[in-house]
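Just the one chain here, the form predicted on its own, laid out as structure tokens.
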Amino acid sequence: MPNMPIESGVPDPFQYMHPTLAKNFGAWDYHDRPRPGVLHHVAKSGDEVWTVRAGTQRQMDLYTIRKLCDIADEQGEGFVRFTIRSNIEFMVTDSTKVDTLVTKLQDEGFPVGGTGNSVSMVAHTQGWLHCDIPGTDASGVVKALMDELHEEFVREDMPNRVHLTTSCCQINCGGQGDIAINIQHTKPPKINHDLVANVCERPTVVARCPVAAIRPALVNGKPSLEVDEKKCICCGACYPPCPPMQINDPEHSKLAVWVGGNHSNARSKPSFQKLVAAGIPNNPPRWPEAAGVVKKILKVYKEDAREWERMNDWIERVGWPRFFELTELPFTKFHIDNWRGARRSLNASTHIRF
């Protein structure tokens, strides 16, 4: 009988797990990669499991999910799992099923890859579909970008793994990756003073601003808010608790590309990503300008990095001047981090404060 759900924590994974995986949990001997998109795990007991990873369009309708489940039942062994980057993985214990499964997935339009030294599927936020405060459509950027990078997903030609992320605002879901595409608002919010008193809790909005640029005001005899534009850093933190402080703008909300973010410490210590391109037009539905910058960085990284160097390791070795020279990206005064307000006004400690 399945375990009953609890109010906190993840659900019990064993009830959905392939029996061979559950049997050998924590007792694996080694694994290898027979081909891109396929992982082969061997347990200490001698049991073997092949995992086939396929990319999806991330936002899937019911019919697509049913199609994937039918493929699992007909060509696989009825067990699947989704990765954190919305790839789907099929587990089989019969090696003869691998080629048939790969062929079926490719015929149905699901690319098999994303393992080894490849460009992994982009991790992204919800964008216009689900989020209530997006500055762009993160999932749309992903679709356009992965159409351009399809070959790098199905092959393992990169020096190391490349994790891409996109984010539709700067405050809720800023992604940390080897290459990240984030929105940047470049103008302070436009305030609809007629709605503030009815919609917003003004003390909450004032407290939300990280640089104390918002203060209560009386406009046309109505309680409202005002912004000190000299302090404002255009982060958008005021918009979620107060929608009348509209900061999204079709012309002045731009995309920016950041590189070198790394969470792990396998070969080097974790690193924060750094801005390398800003002011990129937020140009749906294909975002050609953002895709062009990303492809240029990937091309240079692929040609110049040494084997097993992650993006941040390569940049640290060649140096930032050489990085901008190789990628032919312009270096401007806006790339220089000379703002010191954060140390005094932002929560820079590890303690949680409310």
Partner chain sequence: MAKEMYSTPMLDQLEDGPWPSFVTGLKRLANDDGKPYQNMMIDLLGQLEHSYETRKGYWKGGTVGVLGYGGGVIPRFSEVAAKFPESKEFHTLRIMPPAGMHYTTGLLRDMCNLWEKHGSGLVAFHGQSGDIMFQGVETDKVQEAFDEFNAMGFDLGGAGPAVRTGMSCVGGSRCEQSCANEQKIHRLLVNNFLDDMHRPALPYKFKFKVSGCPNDCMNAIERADMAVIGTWRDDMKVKQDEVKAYVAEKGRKSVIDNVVTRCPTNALSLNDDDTLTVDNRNCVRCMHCINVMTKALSVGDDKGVTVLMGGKRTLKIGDLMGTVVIPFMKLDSEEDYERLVEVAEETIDFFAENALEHERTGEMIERIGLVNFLEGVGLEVDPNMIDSPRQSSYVRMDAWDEEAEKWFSRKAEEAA
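Positions refer to the first chain, counted from 1. The shown structure was predicted, so the numbers you read here are calculated from the model rather than taken from an experiment.
Beyond what is shown, the protein has a form predicted together with the partner chain; the following relates to that form.
Contact annotation: residue 61 falls within 4.5 Å of the partner chain in the predicted complex, judged by heavy atom distances. Contact between residue 129 and the partner chain in the predicted complex is found at the 4.5 Å heavy atom cutoff.
Although the partner is absent here, residue 75 lies well away from the partner chain in the predicted complex, with no heavy atom inside 4.5 Å. Among heavy atoms of residue 292, none comes within 4.5 Å of the partner chain in the predicted complex.
For the three residues 104, 107 and 324, a heavy atom within 4.5 Å of the partner chain turns up in the predicted complex in no case. Though the partner chain is absent from this view, in the predicted complex it lies within 4.5 Å of a heavy atom of just one residue from 256, 158, 91, 227, which is 91.
Within 4.5 angstroms of the partner chain in the predicted complex, the stretch 244 to 258 places a non-hydrogen atom from each of 246, 248, 250, taken in sequence order.
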